[in-house]
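One chain comes next, on its own, written as structure tokens: the form predicted alone.
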């Protein structure tokens, strides 16, 4: 088969683009540098099946609807009914009702031209503003969400608290496998372990991270603000003391901890537990410093955790959690998807709407429209072709 569209990258964005392009009758080839599809949405093989990238799925967005129309929604579970513990104002407490009420009372819209912190301070007191900013770390991964555009952060805050968060059973590789199988059934040819030095000839979509797209194309304009965060995964053996909570959020120190195997026991061996942690990294902060902050929080909120740890890993990740819009910018100001008549770049930092991974998927739809010369809205309904 001679392809008439090549997609570089077999992550969520690349696989979505491949499926939709094949449904439209294109002969699609996907090239992936890693040994298997998934991009940042891979899940470790075990015994602790930690997600290497996304953790939560928002089932109230356009991408979920796209999956539903194709029968590709993965099995998901909600968070268990356990207390949510937060650290705010220097003390551990249950989620404060007054904080939830303050968030609910914020205006429905916020300006893009103003910093989120400045906008908050016109509606709540300083302590409440900083607590809300701490909450926003969970979906921005930024060390100071208060510096970002108010409209950008506020819209995501409303989505995050709307109740649409779910967890993919078996980890995100479950969804990747569904997408890869559908792409193959539609005739898409995927080559793994193949690293390209430059964009392929002919119509192509680069569906990688923005930094990789910049390296492939040599285009310095492919750059945008992103976050820097440290991630830590812990595997705990049976017999660890149960602290009672499922989620722990340090609003002061920008740390998020979740005991994911409580929601999905398949992520850890029987009787064991998988914990995944994200901590914001300030500019210049080292992994070791972030890890010490995490350990101090766990010592306070989970006495005895250290003795139960039998597996761990950690890393500092830069620009791995989507775009961040600074004051005076919106998603429309990010690097354009179309890069020429036959080339498009679709990433989670591209000029496309959505929350976290949804941005890359919306960019995939725009990339296909650019290649085809059409102008449909991202995620618009289209009857999918049947697998071959």
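The structure displayed is predicted, hence computed values, not measured ones. Residue numbers count along the first chain shown, from 1.
Just so it is clear, the following notes concern the form predicted in complex with a small molecule, a form of the same protein that is not shown.
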query: In the predicted complex, residue 65 touching the small molecule (heavy atom, 4.5 Å); finding: no
query: Partner proximity in the predicted complex: residue 26 to the small molecule, non-hydrogen atom cutoff 4.5 Å; finding: no
query: is_contact(residue 195, the small molecule) in the predicted complex, heavy atom dist at most 4.5 Å; finding: yes
query: Partner proximity in the predicted complex: residue 216 to the small molecule, non-hydrogen atom cutoff 4.5 Å; finding: yes
query: Interface segment, criterion being heavy atoms within 4.5 Å of the small molecule in the predicted complex, picked from 324-332, 337-345, 48-56, 65-73; finding: 48-56
